[in-house]
Every structure is written in structure tokens, then in C-alpha cells.
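The data below hold one chain only, encoded as C-alpha cells and taken in the form predicted on its own.
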Amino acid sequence: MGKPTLFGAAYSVYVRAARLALHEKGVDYNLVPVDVFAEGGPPPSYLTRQPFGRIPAFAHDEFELYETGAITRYIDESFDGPELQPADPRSRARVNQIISITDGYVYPVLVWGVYVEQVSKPARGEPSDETRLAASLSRAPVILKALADLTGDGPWLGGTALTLADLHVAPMIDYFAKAPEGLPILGVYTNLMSWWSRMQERASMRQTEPGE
């Protein structure tokens, strides 16, 4: 099989989730930059790969794919390396549940509602939407408690081994933790803080830092 290609920008939490899966599997790949926030949006040629103009998109030999959950599952199932999905149906369902929570709640609230409003916009000289920020900060504990409850005493979000759940959540927590309110809220949940410390130590996290 040839070397896969990932299309997207290093700043994207979803591109990073796919990159984390590739690094954890030990897969060499090409990263082709696509900036969806560029003036005029993504290039028209990219829309033939991803008609909705989101990132990432993925190509492996003649096979093309988009949607991060589909990409990371394909990576796990198509390449050698450590298994990133449990074999047990209940454990696998739990991993998929956490990924769904990530897409539905973690991303819009912790990334867009907190990080973008409290860090990204001020860095660009733009005013924050204080109403949105306040609403997101009020919802953050609900989201983090749900993740903490599902994690329990396990070292990883999906149980005893690193899974795709960890790789989807980690890029978003990385941004959330950069917000002034992030770590204090996260620190309430000691099992999540322990998990976050373990994730930060992984080589894949260092190798996929935005800009790397």
C-alpha cells in the first residue's frame, strides 16, 4: 500500500485527531495544507474531495474519504500497529459514545465557545462574544463531568488502553486548557487531569503540535 495523504491545516483539532491516529499506528503520511479560513475559503479543487469544505480529507491509493471519525477508524483498521478500538462490543460502544460527545458538545463549547472567545479572538484583536463565552463556561462542567464519569478510574477515556476516544478528545482539551478558565475547570475532575497529564507525555502529541 502507498503512503496515505491527509488534507487540512495543523491548527484544526480534527486534522490533529487524524494525525494522532497515524502517529500512534506508526504510519508515514503526507500532510497537504488546506486552510478553510483563507480568504475565499478552500480552493475549488479541494471541494471535489470534501463537498462541504471542511477538513480533513484523506486519500490512500485510489480510496478517498472525509469525516474524521471515518478516517480514524479506517486508519486503525487498515494499518499495522496497536489497536485503537476495543474488540469488546460494549467497550467499543463506549469509545464511539465519547467520540460522539466530542463532536456534539466538546467541540462547539470548549473549543469555539471558550478557546476561540477567550484566546483566539483577543489574539486577533477581535472582540469576544461575552454572552457566548459565559454560556459556554456554564456548560463546560457538565461536559467535563460526563467525560469524567465515563472514564471512571481507567487510565484512558475508553478504558485500560489508548483508543480513538483519547485521540479525538485530546486536541480539543489542548485548546481548552490554554484558556484562562480552562485548567481551573478541568482540575476539578482529578481523573481527567491525570488522563490529560498522560496524554501530554505521548510522542504523538508533541509531534502533532500545531505548526509541527
Ligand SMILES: N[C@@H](CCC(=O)N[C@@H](CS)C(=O)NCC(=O)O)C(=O)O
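Quick note: we count residues from 1 along the sequence shown, nothing fancier. Quantities reported herein were computed from a predicted structural model and do not represent experimental measurements.
In what follows, reference is made to the form predicted together with this ligand, a form of this protein that is not presented.
Q: Of the options Ala165, Ile173, Ala179, Ile55, which one has a non-hydrogen atom that comes within 4.5 Å of this ligand in the predicted bound form?
A: The residue in contact is Ile55.
Q: Contact check in the predicted bound form: Thr72, Ile98 and Trp156 versus this ligand, with a cutoff of 4.5 Å between any heavy atoms. Do all three pass?
A: No.
Q: With the cut-off set at 4.5 Å between non-hydrogen atoms, does Val36 touch this ligand in the predicted bound form?
A: Val36: contacts this ligand in the predicted bound form.
Q: Could you tell me if Thr68 has a non-hydrogen atom within 4.5 Å of this ligand in the predicted bound form?
A: It does: once this ligand is placed as it appears in the predicted bound form, Thr68 has a heavy atom within 4.5 Å of it.
Q: Indicate whether this ligand has at least one heavy atom within 4.5 Å of a heavy atom of Ser204 in the predicted bound form.
A: Ser204: no contact with this ligand in the predicted bound form.
Q: Going by a heavy atom distance of 4.5 Å, is Leu192 a contact of this ligand in the predicted bound form?
A: Leu192: no contact with this ligand in the predicted bound form.
Q: Please determine, with the chain shown alone, which of 143 to 151, 55 to 63, 182 to 190, 156 to 164 has non-hydrogen atoms within 4.5 Å of this ligand in the predicted bound form.
A: Comparing against this ligand in the predicted bound form, the contact stretch is 55 to 63.
Q: In the predicted bound form, which residues of 1 to 35 put a heavy atom within 4.5 Å of this ligand?
A: Stretch hits, in order: Ser12, Val13, Tyr14.
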